[in-house]
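In the form predicted alone, a lone chain appears below as structure tokens.
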């Protein structure tokens, strides 16, 4: 029985470190946050971080993987109801808004990340693309949106959202760019793809 209690404590400590890492990476940057800052935020000794993650890169990969699981689950919850294009895009915005700071770091620092971390970003995009593809095909068949290639509809949307996120210091200094402009971006994009 004592072994299980110790295992549970280790699990909780690891979880606390991951939570602190996700928070600190979002605030300070994925490639510039120190393990000292993460240890302080998690209220653990610096060496404890390395007892759970052998390197800083392993911690970063674990944090990104955990983030990827969370946001994918949230996107499935929000967009999985089978709504139309507008509803799927609104769900995508809502899911990203809930994790905006970390997601923004991922897209702006993607080229600096290890391959497995970049793969997590691709996984997140694939989840959004899956839900959007289903809605686009239905609405093209119904004639409510233009008969555009699905990949262009998705890439156009993501490009628009990523542009605003990557330039959030211009559009919403110190605040959420998606809370400030999300509705407007959605309206604009729906106008672009609407059947003429």
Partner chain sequence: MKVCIACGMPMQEKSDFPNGDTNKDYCAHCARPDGSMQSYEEKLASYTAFIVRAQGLDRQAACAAARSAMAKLPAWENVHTR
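Source: prediction; values computed, not measured. Positions refer to the first chain, counted from 1.
Quick note: we don't show the form predicted together with its partner chain, though the next part is all about it.
Would you mind picking the one in 133, 32, 54, 141 that has a heavy atom within 4.5 Å of its partner chain in the predicted bound form?
Partner contact (heavy atom, 4.5 Å) among the options: 133.
Is every one of 77, 122 and 129 within 4.5 Å of its partner chain in the predicted bound form, counting heavy atoms?
Looking in the predicted bound form, the three residues 77, 122 and 129 all sit within 4.5 Å of its partner chain (heavy atoms).
Is residue 116 close enough to its partner chain in the predicted bound form to count, meaning some heavy atom within 4.5 Å?
The answer is yes: residue 116 has a heavy atom within 4.5 Å of its partner chain.
Spell out, yes or no, whether the shortest heavy atom distance between residue 151 and its partner chain in the predicted bound form is within 4.5 Å.
Flag for residue 151 set to yes.
So in the predicted bound form, is its partner chain close enough to residue 73 to count as touching (4.5 Å, heavy atoms)?
Answer yes; at least one heavy atom of residue 73 falls within 4.5 Å of its partner chain in the predicted bound form.
Please check if residue 58 has a heavy atom lying within 4.5 Å of any heavy atom of its partner chain in the predicted bound form.
Contact check for residue 58: no, nothing within 4.5 Å of its partner chain in the predicted bound form.
In terms of non-hydrogen atoms within 4.5 angstroms, which of the given stretches 22-30, 167-175, 44-52, 154-162 touches its partner chain in the predicted bound form?
In short, 154-162.
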